[in-house]
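Below sits a lone chain in structure tokens, taken as the form predicted alone.
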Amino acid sequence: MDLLLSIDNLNVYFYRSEGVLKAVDGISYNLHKGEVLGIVGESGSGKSVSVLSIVRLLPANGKIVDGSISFDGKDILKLSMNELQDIRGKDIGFVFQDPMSSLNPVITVGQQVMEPLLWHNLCSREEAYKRAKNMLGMVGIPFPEERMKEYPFQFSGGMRQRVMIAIALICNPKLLIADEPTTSLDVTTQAQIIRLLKNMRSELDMSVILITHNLALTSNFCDRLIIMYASNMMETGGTKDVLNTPSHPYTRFLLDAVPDIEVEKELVPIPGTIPDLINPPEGCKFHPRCPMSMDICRTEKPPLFPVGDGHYSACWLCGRE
């Protein structure tokens, strides 16, 4: 498959009054055309910051201090703001985790779905209206012509998320980034949203990055997974390899915390809390919570060791096997 996105040694820092917070600490990965990548981890692990960096949508105190980002052959870090704006929403679509705060409450849903087409001068207003109506229908919103005239408050949470997906897809992007797209939705609606993303990915032949803290959502959707913890990559590989043969203790803990309705098992919480990223621990950042930590874990940061075909784990236990 052709390479669409390449991230190499990405480091993103936030400069705060109490110190420098290392939100992303040297992550690297590739994404190919048509591929679905899941990035999984607890809140505060750096998942969202890592993908917002792709189009440089960081807060004022955030800075990419090292690394490179290449998208579709373009060096993102060298693009002007006008060149970036041409990519945002057109070649890269975003679905944010809170549709109520992402949608404008005083503008009709139809206008908001049309806006990316008009902003990028891709068609006339009349054509934008037709395409917006069709897209709302494609994402499963009934009576799309009538609902084009309504406002976000008139939609349920699940329907607002479908509107966000319609906005992200209206320009037929090469890459869709879905940042926690099922947050605060009930389980049935979560499954519907993931099924919708899966269908739209096939229909539009695009690549997808799914950001989530829920491993269960990735099993039938993602081709590959990255497990993040405290700004670092802990494990990466094919979805089946990571879920069926996890090699990092943190990945195993995450899987133990996932309920299974078919198998009666005790849910095991991960002990401790995520470390302070302004003053993180030395060595492996997971070692204060890891029951298998060794002396080397407390002093040296582990590299990604190969544990299978395309499967890597940042754990000193893997390096000693």
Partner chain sequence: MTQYIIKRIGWIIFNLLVLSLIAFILIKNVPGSFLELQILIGQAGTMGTGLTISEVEKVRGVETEMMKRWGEDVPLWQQYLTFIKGLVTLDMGPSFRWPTQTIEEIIANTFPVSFTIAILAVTIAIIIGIPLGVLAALKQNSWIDYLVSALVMVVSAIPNYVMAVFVIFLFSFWIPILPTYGWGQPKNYILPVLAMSFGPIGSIAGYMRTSLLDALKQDYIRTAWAKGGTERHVIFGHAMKNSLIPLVTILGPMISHLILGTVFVEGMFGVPGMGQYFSQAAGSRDYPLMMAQTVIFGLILMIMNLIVDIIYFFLDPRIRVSRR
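Positions refer to the first chain, counted from 1. Since we're looking at a predicted model, the values are computed, not measured.
What follows is about the form predicted in complex with its partner chain, which we do not show.
Student: Do Arg88 and its partner chain come within 4.5 Å of each other in the model of the complex, heavy atoms counted?
Tutor: Contact with its partner chain, yes.
Student: Does its partner chain get within 4.5 angstroms of any non-hydrogen atom of Pro173 in the model of the complex?
Tutor: Heavy-atom contact with its partner chain at 4.5 Å: absent for Pro173.
Student: How about His120 - does it come within 4.5 Å of its partner chain in the model of the complex, if we only consider non-hydrogen atoms?
Tutor: Yes, His120 sits close enough to its partner chain in the model of the complex that at least one of its heavy atoms falls within 4.5 Å.
Student: With a 4.5 Å heavy atom cut-off, would you call Phe71 a contact of its partner chain in the model of the complex?
Tutor: No - in the model of the complex, heavy atoms of Phe71 and its partner chain never come within 4.5 Å of each other.
Student: Which of these stretches, 229-237, 163-171, 203-211, 189-197, has heavy atoms within 4.5 Å of its partner chain in the model of the complex?
Tutor: Contact criterion met by 163-171 only.
Student: Give me the residue from Gln112, Thr218, Ser247, Thr182 that has a heavy atom within 4.5 Å of its partner chain in the model of the complex.
Tutor: Flagged contact: Gln112.
Student: Which residue among Ser124, Ser101, Ser156, Asn134 has a heavy atom within 4.5 angstroms of its partner chain in the model of the complex?
Tutor: So the residue touching its partner chain in the model of the complex, by this definition, is Ser101.
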